[in-house]
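Taking the form predicted alone, here's one chain by itself in structure tokens.
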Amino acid sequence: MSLLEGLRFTRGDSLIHRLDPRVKFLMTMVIFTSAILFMDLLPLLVIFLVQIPLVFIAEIQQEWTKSLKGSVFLATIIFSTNLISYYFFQGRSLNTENVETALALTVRFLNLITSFSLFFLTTSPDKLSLALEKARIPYEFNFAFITAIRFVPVLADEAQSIMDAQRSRGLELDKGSFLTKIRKYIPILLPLIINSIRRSLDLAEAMESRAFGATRDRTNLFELVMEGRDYAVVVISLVLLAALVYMKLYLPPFEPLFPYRVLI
């Protein structure tokens, strides 16, 4: 559940927190596009290292670390499945190039986790809602998206509480075969689903009592205003994106970090 910590907004007054959410979304998309552009391990490692100072500037090291710890299981699956695929689809042989490619795909996944953690950990749902309104997103879709962001961490905490309660009653989730472990999660999923349905009904009643959707002319207490630092970040992000696209299209490919060698 710690992977979902990357979706929980953390209050702060850092430079990253004060950026306009539209600018932070552009910055996230630049990092996302950069990670998708390259398949080589070296540039993906550089992209990952570039994000670490941003994490420290935003002062979200602890939450980011929790997200990375939660993604270790998925990262392991990505790495192992790629290695197994290379082994069976290349005549039951494995070389350092295959290992480097599997590592590159794993680092790409960590880049995506870090970039979206930077965005969601430093952007309040209220400001994100204002940004979506500025982008002319229909408010019904806007409300559904913001509500999902608000409730995902709540569901994660509730699932953890249910797991702790079931463990206190003698349920051993970590023992048994794979199918046995899946069956043991049924007593956790059922109360979680029931509580989610109850919460959705309460939310629907609250929306109805407040005449949700009665008028199309909405007003807001606060308005988003772009400042000088926001324009500076926009320019830097676009220049970096243009440079990365130029590198991808016109420069020779990167050399592998490990010399070619047959392992198996």
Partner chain sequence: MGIIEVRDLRYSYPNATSPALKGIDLTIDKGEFILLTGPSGCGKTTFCRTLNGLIPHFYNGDMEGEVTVTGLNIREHPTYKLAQHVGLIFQNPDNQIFALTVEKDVAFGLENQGVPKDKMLEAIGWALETAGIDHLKDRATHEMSGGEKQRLAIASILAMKPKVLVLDEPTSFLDPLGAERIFRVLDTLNKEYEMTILLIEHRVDLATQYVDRVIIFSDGRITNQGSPEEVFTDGATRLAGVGIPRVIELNDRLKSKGILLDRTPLNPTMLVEQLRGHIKRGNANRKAVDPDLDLFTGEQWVNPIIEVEGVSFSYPSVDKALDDVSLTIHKGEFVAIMGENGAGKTTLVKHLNGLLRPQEGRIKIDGADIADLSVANLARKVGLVFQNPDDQLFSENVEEEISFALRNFGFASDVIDKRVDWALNLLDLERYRKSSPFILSGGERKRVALGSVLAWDPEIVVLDEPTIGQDYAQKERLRHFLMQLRTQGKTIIIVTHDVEFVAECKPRIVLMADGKIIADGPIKKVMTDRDAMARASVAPPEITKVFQQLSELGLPDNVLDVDEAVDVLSQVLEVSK
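Think of the rigid core as the biggest set of C-alphas that the two forms share within 1.5 Å after superposition. Quick caveat, the model's predicted, so the values are computed rather than measured. Numbering follows the first chain given and starts at 1.
The protein also exists as the form predicted in complex with its partner chain; that form is not presented, and the subsequent description refers to it.
S.K.: The chain here is shown without its partner chain. Which stretch in 120 to 128, 94 to 102, 107 to 115, 70 to 78 comes within 4.5 angstroms of it in the predicted bound form, by heavy atom distance?
M.R.: It is the stretch 120 to 128.
S.K.: Pick from V235, L49, A206, I36: which residue has any heavy atom within 4.5 angstroms of its partner chain in the predicted bound form?
M.R.: So the residue touching its partner chain in the predicted bound form, by this definition, is A206.
S.K.: Could you work out which of I194, I84, I182, A135 is the residue within 4.5 angstroms of its partner chain in the predicted bound form, going by heavy atoms?
M.R.: Selected residue: I194.
S.K.: Is there a heavy atom of Q62 no more than 4.5 Å from a heavy atom of its partner chain in the predicted bound form?
M.R.: Answer no; every heavy atom of Q62 is more than 4.5 Å from its partner chain in the predicted bound form.
S.K.: Is D164 one of the residues lying within 4.5 Å of its partner chain in the predicted bound form, judged by heavy atom distances?
M.R.: Because a heavy atom of D164 falls inside 4.5 Å of its partner chain in the predicted bound form, the answer is yes.
S.K.: Is it the case that R229, even though its partner is missing from this view, gets within 4.5 Å of its partner chain in the predicted bound form, heavy atoms only?
M.R.: Contact with its partner chain, no.
S.K.: Although the partner isn't part of this model, could you tell me whether E172 comes within 4.5 Å of its partner chain in the predicted bound form, counting any heavy atom of the residue?
M.R.: Judged by the heavy-atom cut-off of 4.5 Å, E172 is in contact with its partner chain in the predicted bound form.
S.K.: Out of 207 to 222, which residues reach within 4.5 Å of its partner chain in the predicted bound form, heavy atoms considered?
M.R.: Stretch hits, in order: M207, E208, S209, R210, A211, F212, G213, A214, T215, D217, R218, T219, N220, L221, F222.
S.K.: After fitting the rigid core, is the C-alpha of E158 off by 2 Å or more between this form and the one not shown?
M.R.: Shift at E158: 2 Å or more after core fit.
S.K.: Core-aligned, does G213 move its Cα 2 Å or more between this form and the one not shown?
M.R.: Yes, shifts by 2 Å or more.
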